[in-house]
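In the block that follows, a single chain appears as structure tokens, in the form predicted alone.
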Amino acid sequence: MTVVRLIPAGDGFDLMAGDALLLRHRVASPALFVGTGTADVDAYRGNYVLSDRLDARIPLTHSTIDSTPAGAVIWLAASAGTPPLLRIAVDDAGLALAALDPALNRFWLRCVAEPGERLWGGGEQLSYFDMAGRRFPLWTSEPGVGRDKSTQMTFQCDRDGRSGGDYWNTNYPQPTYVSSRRYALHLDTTAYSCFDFRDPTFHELEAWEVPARIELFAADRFAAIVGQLSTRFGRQPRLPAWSYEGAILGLKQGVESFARMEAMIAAGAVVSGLWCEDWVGLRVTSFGKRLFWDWKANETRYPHLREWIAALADRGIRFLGYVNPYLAIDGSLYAEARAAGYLALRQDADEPYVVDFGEFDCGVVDFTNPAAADWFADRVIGREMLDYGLSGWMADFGEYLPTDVRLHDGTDGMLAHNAWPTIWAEVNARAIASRDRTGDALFFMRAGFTGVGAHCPLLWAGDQCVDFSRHDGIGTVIRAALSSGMMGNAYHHSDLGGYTSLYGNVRTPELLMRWSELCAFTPVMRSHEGNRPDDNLQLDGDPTVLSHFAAMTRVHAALAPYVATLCDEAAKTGLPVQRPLMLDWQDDPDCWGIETQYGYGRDMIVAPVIEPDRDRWTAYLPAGATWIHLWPGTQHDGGRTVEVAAPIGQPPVFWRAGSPHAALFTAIGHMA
């Protein structure tokens, strides 16, 4: 399908993406710029401050167009009569770029903007689903704690750990956006990039290299564009059925975790997995309880773990653990990797690069070395995890690669940093495939970049604060699911109850119950004890909270047949399970700006309560259908906002009248 059309125009050219005017390039108002600069990177425990010592920004005012059998070629120069600096080959699906001066390492593109245009994507964005009017640097990092410079939490974290973050910080950036003008644009680069949508007349896209390609996609329906992106970047492997047939309990209390699980099951919880991230042992730091990063079972903390795992499997309950691509220097695997030459090195010496992770140091496994990647996939994930009996794990910390490492294949750290999450995902997927467990074993990641979905079966929204705060609380996981879904990622979930507890910020019963309600209507319902479990209320620490959680697990389990159909649909079309309303209801423009509720497939609308002290809540119901409130069964016409009672235990959820799943939804409504 032809997406791109080049139209010569006077002293320049226009470029169309589908029916949308994308570029308007003229001598007096060029759309392309190149330049040179030197990056300054200030990194501290996964938090980055990047700045550019810019030497030149050159507007490419003059263009010459040649026709070739393969398509048009544009030559761009700084002025008439000077040698061209950039060559662009135009094909049906985009632009292939080549810098004609090897010193050029900066690139800017100005795309036409229109009033009222909405822009979605950017990877996984936590604060804003619609990116219009804001600037988004795209660099994988810790997302920050608080993420709002006006709050005391962010101030304290910036002051004490340089970790407060801002609205644009994300574990999973991606230089791709979808426009409400019915096209999508992707920069094919792993360099730092930035999408600046603040000017009302143009969108400025920046990259710290000349991208290999600018890829363009267009269709009349937003759902079709998402399907194209899913095909381009890779469809996520299908979720295993066990992962959505019950809750996955996150407990990290050693062998006591099993007794706690049994008590939660006795309280009525439907459990399909037990996730003990402390299966490798603990390391206590000032931040809280961390793990011992030597990826082997700690049978002192978990005696007879193999037998426990086998006994759980007999009951249909899977055991999950934790791994990341770093090795603690006081662990046995670090010594093994170092002896084999599998670690990334310092620039100034043939010694392993050591990273401070907060009161302990680690080496970096160098996945650009094929032997090191194979070793980690087989020796660590294969033998120590899958062969041991694990059916899943959190694959953490893909966003920490230092930019000044020396890598085996010679890749510059500034280009490897963003690529690392996808490389890390591929190592995990390869390990699972080597044991013939694809579609059965499950890992989940917070870090991502272009192409991560081809390998990672499940995203999670990272480390939220244990509260209702606007930029780092429960509501951010909805925006995260919506934005990552627009990139073609089908499966998303969050830490039930949040993770980060600092400066006296602790969970309330209300927060835990509202988060349980949200997670019941996501494909995977997984709890987490947080970074400071002893300071925070846990699901089994209050009878009312536990009873409510158990009820929500029953709802989640009852939805499994419906979720299975959504997984089938995702495999065929690339549509996310939790989806922006406009993917199914594009003809209702009021759906386009909704970012605190989602379609759970086409037949269900979920509007979680994400503010404290609320017993009523509003939801927008798309036009073109009649909607039935799940709990009381009352009908509402679509095309309007409704206010409904939202007591604890009955979150605002609506299903479409006439749905083939009506009997299932009706039965679930009676469960309350």
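No experiment lies behind these values; they were computed from the predicted model shown. We number the residues from 1 along the sequence you see.
The next section is about a form of this same protein that is not shown, the form predicted in complex with another copy of the chain.
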Counting any non-hydrogen atom inside 4.5 Å, which residue from 607, 58, 644, 625 sits next to another copy of the chain in the predicted bound form? 58
Listed residue that, although another copy of the chain is not shown, lies within 4.5 Å of it in the predicted bound form (heavy atoms), from 105, 505, 586, 151: 151
Which of 268 to 276, 359 to 367, 185 to 193, 78 to 86 lies within 4.5 Å of another copy of the chain in the predicted bound form, heavy atoms considered? The stretch 78 to 86
With a cut-off of 4.5 Å between heavy atoms, is residue 155 one of the residues that contacts another copy of the chain in the predicted bound form? yes
Verify the contact flag for residue 53: yes if a non-hydrogen atom of it lies within 4.5 Å of a non-hydrogen atom of another copy of the chain in the predicted bound form, no if not. yes
Can you tell me if residue 409 lies within 4.5 angstroms of another copy of the chain in the predicted bound form, counting non-hydrogen atoms only? no
Is there a heavy atom of residue 110 no more than 4.5 Å from a heavy atom of another copy of the chain in the predicted bound form? yes
Along 20 to 52, which positions have a non-hydrogen atom within 4.5 Å of another copy of the chain in the predicted bound form? 33
